[in-house]
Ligand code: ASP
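As structure tokens, one chain now follows by itself in the form predicted alone.
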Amino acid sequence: MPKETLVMKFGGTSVGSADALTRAVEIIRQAREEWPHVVVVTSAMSGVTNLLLDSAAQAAEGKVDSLPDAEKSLREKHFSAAEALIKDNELCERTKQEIDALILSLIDFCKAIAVLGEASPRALDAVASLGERMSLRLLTAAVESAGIEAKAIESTEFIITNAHFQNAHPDFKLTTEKTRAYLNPLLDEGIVAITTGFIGATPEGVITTLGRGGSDYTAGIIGAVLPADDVWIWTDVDGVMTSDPRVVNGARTLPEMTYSEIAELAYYGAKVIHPKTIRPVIEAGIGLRICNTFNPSHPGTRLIPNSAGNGKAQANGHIVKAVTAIRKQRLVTIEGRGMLGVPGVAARAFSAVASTKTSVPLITQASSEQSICFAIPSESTNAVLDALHKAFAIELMERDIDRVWATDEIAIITAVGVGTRNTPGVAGQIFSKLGSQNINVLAIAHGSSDVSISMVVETKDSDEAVKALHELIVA
């Protein structure tokens, strides 16, 4: 069956300059020649979202002195790209005026925030959305200027979410109806539909965001609900790599990964794709590819479905496909002999952690039930310890719990690969590698997905641990 519909998402660096945008436009042109229906999702230009949110944060503290500099920076970044890319003077001026209106709305938002003395989640979503909305105007005009028929449409028109600002969840039923109603007529006419990543809207039309990095998720949602045949994520690396090339010189691109493997990698620190992107794509059974805007001839990484045969080591004998690290974590431990056999300790502990809105990436518990430990981001340590001390105040007083404490900063090293599922001796090989480098493992967790093993090591050992485990891939 011939493929009909392609969804492509361009990340911040892929639309971050006139040169990057030129490359993106050429990629869109080639895609349009090969695919009857093309939808493009754009991120904000690199650095813009941070600038917007920093401006709002300073305004909440009553500081508006930096607003003129922010205004100038946004104009220079977007206007210089517009002038370089948009040949038609009238289209260029109209695009600049639309972008300028959005920049001025940032100033208005920040002044209102300064008067109120706080930035609500709803206000922050309104501010954060401006980057994608500016980028949408710029990219669409650049595509049109290159002679490709295109239309800009903000995703707030069809990505319908709840009102959980800053991390909104889509209503897939409404989103499916509206996405098809808005995009299919354009696609049927051969028009490239260009839209904003990262943002949606409540049924009442209030702007929401899908969480940082949510442009990938937008592409996954659109691809799933149309449905598309393929979703391509354009970034600034040649797909998913075996490890961070800044740490491991021999890191290389993986031609294929299963959905389970990429989900684990995304969760455990690999920045190449947003973790939420995976789910709608898996459920829709459509293709997903990660590729490099700055090296478009490279095939990148193709994500493939999980299958029964994937549980064995790969043909090249490698049981580990990739190694990643999450740094700036701390390990919290609740310990005491009085915990033995007492039901509900874990439930109360994680309820207390949840009250601080802290995510827990790793949990491990001794079979003796005398201790439970889990990792949290370093910046959340004080809040989490305070919440736990309050939750277990009576047990601490009565010495059923001896102490609640946190280590110094640690790192979580994760070895990912479907070969870890049914291959005997995997853990032995992993810990032998670490032992040969005199690296001490503080805690271990083998995920229920069966495609990863995570280890906690001291921060000073994190790079060496990654390098040591990467040898299992290249050996």
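These numbers come from a predicted model, not from an experiment. Note that residue numbering follows the sequence shown and begins at 1.
The same protein has a further form, the form predicted in complex with this ligand, not shown here; the description that follows concerns it.
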Open item on the list: Can you tell me which of 394-402, 90-98, 214-222, 77-85 lies within 4.5 Å of this ligand in the model of the complex, counting heavy atoms only?
Closed with: 214-222
TODO: Tell me whether Phe158, Thr161 and Thr208, taken together, all sit within 4.5 Å of this ligand in the model of the complex, counting heavy atoms only.
DONE: no
Open item on the list: So in the model of the complex, is this ligand close enough to Thr49 to count as touching (4.5 Å, heavy atoms)?
Closed with: yes
Open item on the list: I'd like to check something about Glu264: if you look in the model of the complex, is any of its heavy atoms closer than or equal to 4.5 Å to a heavy atom of this ligand?
Closed with: no
- [ ] Using the partner position in the model of the complex, report whether Ala44 sits within 4.5 Å of this ligand, counting heavy atoms only.
- [x] yes
Open item on the list: Can you list, in sequence order, the residues from 152-180 that come within 4.5 Å of this ligand in the model of the complex, counting heavy atoms only?
Closed with: none
